[in-house]
Each structure stands twice: as C-alpha cells, then as structure tokens.
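Let's start with one chain on its own, the form predicted alone, as structure tokens.
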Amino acid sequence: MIDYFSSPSNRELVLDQLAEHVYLALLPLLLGVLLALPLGRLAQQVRWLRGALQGTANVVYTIPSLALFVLIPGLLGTPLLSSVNVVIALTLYTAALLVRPVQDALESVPAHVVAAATAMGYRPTRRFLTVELPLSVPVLAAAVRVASVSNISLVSVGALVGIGGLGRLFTDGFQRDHPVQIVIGIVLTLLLALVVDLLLVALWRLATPWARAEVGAA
C-alpha cells in the first residue's frame, strides 16, 4: 500500500476520486433532507395522504440503484456518464428514506409546546421553523445518519456505469487484478462514512444545546 501511494499519479487519482465521492454522497443528502422535510410535514398534517406518500417512498427506495442510474438518462435526457444521474438518484433515495422519520420526528414534539407557540401568535410556518423543527432534530438526526451511510455506500455502485467516486478504485482494481487498489477503496469508503457520521453527531449536538443540558442535569 505504501508503494502504491509513493506514486504521485496514484495519490492524485485517490484524492480526486475521494473528493468526487464526497460530492456525490453529501449533495444528495442535503437535497434529500430539503425534499423530505415538506413531504414529511405534509404526511403529518394531511392524514389521508400519509399512505400514498409512504407507499410511494417505499416503492422508490426498493428500485435497484444501478437500474435507476441507467433509467434517469432515458427519462431526463442527461448524458449516461453524467454525475447528475447519481445526484438525482441518491436525492430520491434519501428523500424516500426520510419521509417517514420526518413525520415521526414532528409528531414527537409535545402537543402542549405546539399549542403554547400557537397561543403566542406563531403562524404555522414560523412555528414549524422555530419550534417544531428544532425540537424534532434529536429524532430526525438518527435517520439522517443512516441516510448518509447509505449514500456513501451507493455512490460506489455508480462506478459500474462509468461515474467516479471511490467505486472506480474497486472496478479498476478488479480489471487490473490489483488487490491493493481495492483495499484502499474499501478502507477510504469506511473512513469517509465514519467521519461523516461523527460530523453529523457534532452538528446535532450543536443544534440541540438543550439536549446536552438535559443529559448533564440527569
């Protein structure tokens, strides 16, 4: 492995693929969260839509990722080797995975807190953004962490259709019978998932100082 990294071209290749993997995993995570929030809110507020939204989300999440990577160019007219296909596919997967957790997280907010905010004159949008959403973060954070690991894993599948990321190290390693390259890809993928998870935990703690205060008081 040391010999592999002694080559400047190999180091550059690994860094380029790592940077692309981060982009292809985290951008869809952000977009998926932004898409899942209004959908989960809608499922919480409109009971007769819950079944349809959750059923649609379940169907989307069961579509094989490789099939979706190939299907999107045919539907949208994007180039087959465009990274946009992976971003769109993983955004859909993230949103599908988070619709139900967003609903559950919002429903976990105590009813008396919502009623108090309403009595204080908070309009629905302001109440959602400043009261309900912040209080739902502890429940929602666990689902976002799962989605981040799922995205980091699924990006590697894109290498099968010629899209970058650390998955390229897998495919190139298999084609060249170079096990060191495969091991490097696996290790970096695992480390990336661990680092992103730790960052999300740190972000969750920063966003919920009252949770830390409650733990300290206990």
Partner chain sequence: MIGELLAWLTDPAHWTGPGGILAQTLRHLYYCVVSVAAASLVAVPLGVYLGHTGRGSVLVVGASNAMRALPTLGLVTLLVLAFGLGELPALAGLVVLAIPSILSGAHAGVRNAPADAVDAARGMGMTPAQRLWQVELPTALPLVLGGVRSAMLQVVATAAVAAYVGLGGLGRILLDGLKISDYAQMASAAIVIAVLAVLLDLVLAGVTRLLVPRGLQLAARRGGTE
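Numbering follows the first chain given and starts at 1. Everything numeric in this text was worked out from a predicted model, so none of it was measured.
The same protein also exists as the form predicted in complex with its partner chain; that form is not shown, yet it is the one meant from here on.
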Name the stretch, out of 101-109, 129-137, 70-78, 115-123, where some heavy atom lies within 4.5 Å of its partner chain in the predicted bound form. 70-78
Contact assignment for its partner chain in the predicted bound form, among 27, 190, 52, 34, heavy atom within 4.5 Å: 190
Does at least one non-hydrogen atom of residue 57 fall within 4.5 angstroms of its partner chain in the predicted bound form? no
Answer yes if any heavy atom of residue 84 is within 4.5 Å of a heavy atom of its partner chain in the predicted bound form; otherwise answer no. no
If you check in the predicted bound form, is residue 173 within 4.5 Å of its partner chain, heavy atoms only? yes
Using 4.5 Å between non-hydrogen atoms, is residue 182 touching its partner chain in the predicted bound form? yes
With the partner left out here, which residues of 104-131 have a non-hydrogen atom within 4.5 Å of its partner chain in the predicted bound form? none
